[in-house]
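First, one chain by itself in structure tokens, the form predicted alone.
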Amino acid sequence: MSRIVVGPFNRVEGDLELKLDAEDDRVVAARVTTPLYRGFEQILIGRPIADALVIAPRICGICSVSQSLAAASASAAFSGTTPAPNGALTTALAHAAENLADHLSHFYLFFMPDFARADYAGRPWAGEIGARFTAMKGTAAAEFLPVRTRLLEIMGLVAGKWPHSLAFRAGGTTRALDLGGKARARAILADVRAALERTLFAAPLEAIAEIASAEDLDRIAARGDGDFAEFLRLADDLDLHRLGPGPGMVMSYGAYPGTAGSGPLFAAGLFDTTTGTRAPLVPGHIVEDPAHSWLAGEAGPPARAETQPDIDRADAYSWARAPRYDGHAVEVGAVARQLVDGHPAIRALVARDGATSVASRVVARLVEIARVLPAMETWIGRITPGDPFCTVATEPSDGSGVGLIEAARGGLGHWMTVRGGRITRYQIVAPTTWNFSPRDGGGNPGPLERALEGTTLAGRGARAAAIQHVVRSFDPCMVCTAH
């Protein structure tokens, strides 16, 4: 048995380190370390509630809207405020624009460049992938970055700026969209749609959104052009469908509330990939376990947790706690959203593979792009200029609130307790906290730790490409992970 240390990782927001136990050139156990302490929850203690809307987004510069909306949602739950219909729609537009920009950044800048490595020089697709995705030299980045820019222009229209907008409130948004703004938003989405249909999918978005089986994906790979089809062929050749299996249970808080009648665009719930069954989400079943964290305390619900460092804690190896749902390590992210929501092709793909995998995580993100952008076009049409965009919230002096939203990488939760109009407790559980959690008190590994078990190192040790693929399939945002 040998011990391999992998890190620091590039193309990751924040710091990440892996300790891998290997035997016969395979990983037999993994420990995922979040080595950066942040303390945002402590910063919020004693402050007015509105300060959370300013400070929480500063946790991260690439998913700041998600942090804003989780804080605003916790504030809305605390005050009993229902967002104005226009505000719910423009909030969803901004959130979707950020999430889609994240999905595209992940695919083009973080994930695909690893397949341009010299390790794959003998593969039939190596030349094309190298020309397309090699960092700083490939053609993909030059085509993708203007699309990302256009998406983020949505933020300027509905939130004033990006990142760290102050427009998001419990009652909606403070920036109204007039007829001219609606026309500009439509034009932006038309440009983004055209670019995606030309280069990423080489097909109408609706054709990708409506694929119904794993065989449909096989047909796209066999006859399709575009970067999506190229990835599908590459995934089949490298058997990425068997690499990085998930823990079996996935979870979604539900995405884009107030946009599909009274419910969200994507449903909330749990899905068991081993049995193919879905269960309702019960937030009270969420527990954080600090047994292997450099944090004091015992396992319990986030609403009662306090962020107090304990750097001498025995057996600790991460600043992240271990969130668990009903005792289970659960995976979050686009693949979880699509499985819980019942997308037929994603469910069929995961059923065929036997678990979530490197391949299904990436496929789900790309399919989600094709599902969300047409929804954004619909939301713009439902905005009524002249009607209110924000409901004024009347906040009690004491109480609590929970804000559960779906960031690009998965479920993000903010738990807030208020006494005398001041925050007395604030706890944040981010998507990467779920996916990159350490072991819990029972010794059960987190989702990434489990996914790395069995990974073949191909004689490359810490430089094995497979390790990179597994880690990046979860798209870590480490600055959000520990506070």
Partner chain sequence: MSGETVKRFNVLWLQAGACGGCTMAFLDHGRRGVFAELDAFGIDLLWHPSLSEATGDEVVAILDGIAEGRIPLDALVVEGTVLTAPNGTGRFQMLAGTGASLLDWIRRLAARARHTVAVGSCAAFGGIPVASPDPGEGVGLQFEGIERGGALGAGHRGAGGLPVVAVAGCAPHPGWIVETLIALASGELGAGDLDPLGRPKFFADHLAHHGCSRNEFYEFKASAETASDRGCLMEHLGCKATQAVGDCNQRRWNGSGSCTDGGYACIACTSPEFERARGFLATPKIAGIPVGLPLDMPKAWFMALAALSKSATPKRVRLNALKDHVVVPPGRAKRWGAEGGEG
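Positions refer to the first chain, counted from 1. These figures come from a predicted structure and were not determined experimentally.
FYI, the form predicted in complex with its partner chain isn't displayed, but the following is about it.
With the partner omitted from this view, the residue of Ala167, Leu200, Ile369, Ala329 that lies near its partner chain in the model of the complex is Ala167 [heavy atom within 4.5 Å]. Residue-level contacts in the model of the complex: of Thr139, Thr82, Ser213, Thr174, one residue has a heavy atom within 4.5 Å of its partner chain, and it is Thr174. At least one heavy atom of Leu36 is located within 4.5 Å of its partner chain in the model of the complex. Using a 4.5 Å cutoff between non-hydrogen atoms, Leu100 does not count as a contact of its partner chain in the model of the complex. Although the partner is absent here, Ala190 sits far enough away that none of its heavy atoms falls within 4.5 Å of its partner chain in the model of the complex.
Within this chain, Asp51 lines the site of its partner chain in the model of the complex, having a heavy atom no more than 4.5 Å away. From the list 297-305, 113-121, 232-240, 331-339, the contact stretch for its partner chain in the model of the complex under a 4.5 Å heavy atom rule is 113-121. Taking its partner chain as positioned in the model of the complex, the residues of 52-69 that bring a heavy atom within 4.5 Å of it are, in sequence order, Leu53, Val54, Ile55, Arg58, Ile59, Cys60, Gly61, Ile62.
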